[in-house]
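Here you get one chain, nothing else, as structure tokens; it is the form predicted alone.
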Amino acid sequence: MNYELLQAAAASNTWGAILPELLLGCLALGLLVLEIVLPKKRHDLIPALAIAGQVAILVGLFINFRTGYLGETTFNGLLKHTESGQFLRAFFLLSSILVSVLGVVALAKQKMPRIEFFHIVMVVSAAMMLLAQANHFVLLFVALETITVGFYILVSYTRSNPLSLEAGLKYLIMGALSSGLLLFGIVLLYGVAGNPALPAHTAESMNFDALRLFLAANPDNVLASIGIVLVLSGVAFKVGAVPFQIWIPDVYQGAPTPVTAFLAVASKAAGFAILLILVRTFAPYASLTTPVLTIMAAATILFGNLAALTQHNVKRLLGLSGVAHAGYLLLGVVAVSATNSALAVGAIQFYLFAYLLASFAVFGVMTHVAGMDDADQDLDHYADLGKTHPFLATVLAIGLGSLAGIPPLAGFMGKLLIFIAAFKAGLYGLLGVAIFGVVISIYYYFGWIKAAFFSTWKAEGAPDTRPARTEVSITARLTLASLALASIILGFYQGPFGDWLMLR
């Protein structure tokens, strides 16, 4: 009998369904093999091979986007394959490619291991791609911890920098706390849903579909409510939502700039991928999740924008502004929790993509402006950037304008779609808070643009404290130009891409 069960379980292990993740993992391992096999003078080819391999996997993912396993549940219910999941797989893979491109520039300034950086980035990205398709708490937790452990290493990667080590320690402590909250909430839900004394109890209570049926049959269970709140709190740590945002400024400042970009974009997107899955699973408890997420969203928007006003270190500024962006995305999640609207889900995904374009454009410029001390990136370092490096200054202005939500850039359309979804869900008070936050954010975003394009008075003979700026390679120039151009085009014309997202 056990043999038959094992056969049935093995039959459900459809390895072709996770072929991109398998290829990414094999590529990551292959880099380590190449480091051993190739002579040391050829090691500079390995990052290029890493980027080219990831691009090939992304192209293959696009070619097979609508074929194969869409709509199926595989690996004994661990994975559910949806078009939204496919979008997020491409999103995380694109993020990995951009982080790798920035990594080539940043690591050239440091005497640190290089191949291992690209290896860890790809392993983390593969875990994110699996997380986006999770249909079971076991896979969710394992994938999430794989991501977190990878970031423990990446955040403290610059071992010679005390701020990087401090950031790694803080991320480790806060990550452990969030994992504990998440795990405790999962255990409570598992225990309650498996209780034979309750209606619709199930031995498959870790499966999201089975858990949703149980919650619908037991709408007022106290332990289930506590479990739901703990699970949401654990995920709120990952996205940097108030009151779990305390780690953001220090970790963003201390981490290498490409890792900060990875945290700001891909890690945040992974957290919201989980939230969207969980909000739909916890739909029978919307009377609990909607108020909790509403309060969290309002506090996150206000705190992030107000705290960013006084920042002069641009990495801390982006960290706190990222908290505000998490609040805007939570506004969309609240709309999903309240109405389960396809418009709200599409708006969140569009916002994430616009945020990716703008954030990587800004972080790309920061990577070239930063000196040897990656944590020391001040607004004053951008003085006269418009005169000395007009290309970088233009990309910076477009990226910051998109983050601020200035028309006609993609960030404006992302915010507009989120606001429309919130309006249709009747979230008028929260919508007012979000608009107020957008107005505040214009001050610090345009303060950065002002520092880059307008000269400020300096005493005669005052020393120039700006670090030497890195020459922009052809690959980096094409990448930054593509990000800036995409932000402009997507702001004017969303086309089939926008139509497809709105139907998800």
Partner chain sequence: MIGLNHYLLLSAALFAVGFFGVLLRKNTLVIYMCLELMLIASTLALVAFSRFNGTMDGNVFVFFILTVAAAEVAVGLAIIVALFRKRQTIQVEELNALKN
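Positions refer to the first chain, counted from 1. What you are looking at is a predicted structure, and each value in this text was computed from that prediction instead of being measured.
What follows is about the form predicted in complex with its partner chain, which we do not show.
Its partner chain in the predicted complex comes within 4.5 Å of no heavy atom belonging to residue 257. The closest non-hydrogen atom of residue 181 lies within 4.5 Å of its partner chain in the predicted complex. Among heavy atoms of residue 196, some come within 4.5 Å of its partner chain in the predicted complex. Its partner chain in the predicted complex is not approached by residue 341, whose heavy atoms all lie more than 4.5 angstroms from it. Comparing 98-106, 257-265, 322-330, 142-150 against its partner chain in the predicted complex, the single stretch with non-hydrogen atoms within 4.5 angstroms of it is 142-150. Checked against its partner chain in the predicted complex, the candidates 177, 295, 306, 217 yield a single residue with a heavy atom inside 4.5 Å, and that residue is 177. The listed set 123, 210, 172, 288 contains one residue whose heavy atoms approach its partner chain in the predicted complex to within 4.5 Å, identified as 172. The three residues 135, 391 and 478 each lack any heavy atom within 4.5 Å of its partner chain in the predicted complex.
Along 230-257, residues 250, 253, 254 each place a heavy atom within 4.5 Å of its partner chain in the predicted complex.
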